[in-house]
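The chain that follows stands alone, in the form predicted on its own, written as structure tokens.
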Amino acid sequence: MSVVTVQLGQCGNQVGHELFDVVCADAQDGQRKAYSTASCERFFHQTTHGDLVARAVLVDMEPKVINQSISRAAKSGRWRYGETSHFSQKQGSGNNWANGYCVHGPRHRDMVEELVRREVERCDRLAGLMAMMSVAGGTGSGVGTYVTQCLRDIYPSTFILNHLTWPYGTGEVIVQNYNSVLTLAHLYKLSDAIMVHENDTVHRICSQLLNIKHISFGDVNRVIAHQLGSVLQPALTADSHGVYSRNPLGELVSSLACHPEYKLLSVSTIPQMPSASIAYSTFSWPGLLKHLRQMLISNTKMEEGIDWQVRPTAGSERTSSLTAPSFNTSLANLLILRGKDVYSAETGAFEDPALYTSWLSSQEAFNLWKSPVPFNKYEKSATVVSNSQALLRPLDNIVGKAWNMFASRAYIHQYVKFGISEEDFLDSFTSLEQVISSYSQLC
């Protein structure tokens, strides 16, 4: 079964390109026919000449980034984008969600829907749609939300996963918090699950774990692509009976997004290190899993700076995560192990009921995928995708900053002139306050 990716805006197109690069390199590394075939079927279709063409639609309101992505993919010699699977215009959305959602989205709806329909029809069986975008700008967030809405109308029973890149807290765009609030509130009604990467967190991984001195967006995007690839590449699930799972998005959603009030997924991967160091490093499954579990419960996204003082407590003793740093309660976790001796890994510590909310048994809340194939040069690697309180504080920060601006009516006229009213803002604030409340009460 195949996944069709819709890359939206500058960020979505750049992260999408890096993801296809990682997936293609990983699938073609070594003699692993079943794994390679499953991966290529999932993300690419083959031409009669044997070229791998990404199952992707590229959308932006400016042509520059799309042109760069297309030419870089073609130059790689391993894969390329479809010659007619992209759409761009000459003027951007001016970092304004309303401009993207109310103007550009409706104006170009038919063209984008046609491009997606063509890609879907190339699939023997469609596993789902993945929309990749940033929440800070105008095209990714505004057009991206509108396109997701159209996809939900056309494919009502298809799994839709939105991958969102959250902006730096210090800010790239003055109205990024408005754009983020409007995007998240709308997507919560449309998407089956929302997977989030925060630029601040990924930046720290680049700096502290990968030792990159001058960090570019390319470096950040490669880390995101590595983590995404480790989730989306083929794996063996409990029900797959020794055959690589055929429905990645469906199994991801059914494992993790079991309630419509809880859709936010965060990702942690271990190990992450400079590529030059990989050859000189050895890892054991007990060591990796001990660190990853502590990263999960202390809400630390990397193995440096883990708070080892955080311990599971009984539900009645847990505190709200919006106050002091505290235990990160999970609704559901998916653990994905890849590499050597994967069947000997002991994962019982992730099934501890103390990690989870009291209203779901740990057998239902925990899922495990495995693959004996090493991923992206790492002999052993482990990734946990978590539906937990991990994103509670950053979400509360975004909503709080947006509300402070809204209370003084800053920049509201920029949105009103494109058709977004103050009531639309208030509806979005209300729906996200409900999400924050729900995650705060997980215990």
Partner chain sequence: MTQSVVVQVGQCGNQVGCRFWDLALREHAHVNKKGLYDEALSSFFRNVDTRKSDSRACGVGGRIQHLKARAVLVDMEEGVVNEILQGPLREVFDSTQLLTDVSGSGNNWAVGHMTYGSAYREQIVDKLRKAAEHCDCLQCFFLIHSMGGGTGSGLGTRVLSLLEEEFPEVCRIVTSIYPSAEDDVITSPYNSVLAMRELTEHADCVLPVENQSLVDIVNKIKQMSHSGKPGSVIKRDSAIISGRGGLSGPEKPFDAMNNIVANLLLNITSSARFEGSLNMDLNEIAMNLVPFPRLHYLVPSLTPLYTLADVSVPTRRLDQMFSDAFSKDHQLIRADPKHSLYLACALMVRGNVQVSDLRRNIERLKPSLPFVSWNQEGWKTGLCSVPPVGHSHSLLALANNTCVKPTFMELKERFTKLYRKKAHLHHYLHVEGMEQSFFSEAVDSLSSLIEEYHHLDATKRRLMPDAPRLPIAR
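Numbering follows the first chain given and starts at 1. If you're wondering where the values come from, they're calculated on a predicted model, not measured in any experiment.
Just so it is clear, the following notes concern the form predicted in complex with the partner chain, a form of the same protein that is not shown.
Student: Can Ile436 be called a contact residue for the partner chain in the predicted complex at 4.5 Å between heavy atoms?
Tutor: Yes.
Student: Do Gly82 and the partner chain share at least one heavy atom pair within 4.5 Å in the predicted complex?
Tutor: Gly82: no, not in contact with the partner chain in the predicted complex.
Student: Taking the shortest heavy atom distance, is Asn95 within 4.5 Å of the partner chain in the predicted complex?
Tutor: Within the cut-off, so yes.
Student: So in the predicted complex, does Leu52 come within 4.5 Å of the partner chain, heavy atom to heavy atom?
Tutor: Judged by the heavy-atom cut-off of 4.5 Å, Leu52 is well away from the partner chain in the predicted complex.
Student: Honest question, do Lys64, Tyr415 and Gln441 all end up within 4.5 Å of the partner chain in the predicted complex by heavy atom distance?
Tutor: Yes, because Lys64, Tyr415 and Gln441 each have a heavy atom that approaches the partner chain to within 4.5 Å in the predicted complex.
Student: Exactly one stretch in 357-365, 117-125, 207-215, 158-166 has heavy atoms within 4.5 Å of the partner chain in the predicted complex; which is it?
Tutor: Of the stretches listed, the one contacting the partner is 207-215.
Student: If the cut-off is 4.5 angstroms on heavy atoms, which of these, Gln28, Gln46, Thr37, Asn404, is the one near the partner chain in the predicted complex?
Tutor: Answer to the contact question: Asn404.
Student: Counting any non-hydrogen atom inside 4.5 Å, which residue from Ser281, Gln91, Ser284, Ser76 sits next to the partner chain in the predicted complex?
Tutor: Only one listed residue qualifies here, and that residue is Gln91.
Student: Scan 240-257 and note down the residues that get a heavy atom within 4.5 Å of the partner chain in the predicted complex; none is a fine answer too.
Tutor: Residues within 4.5 Å: none in this stretch.
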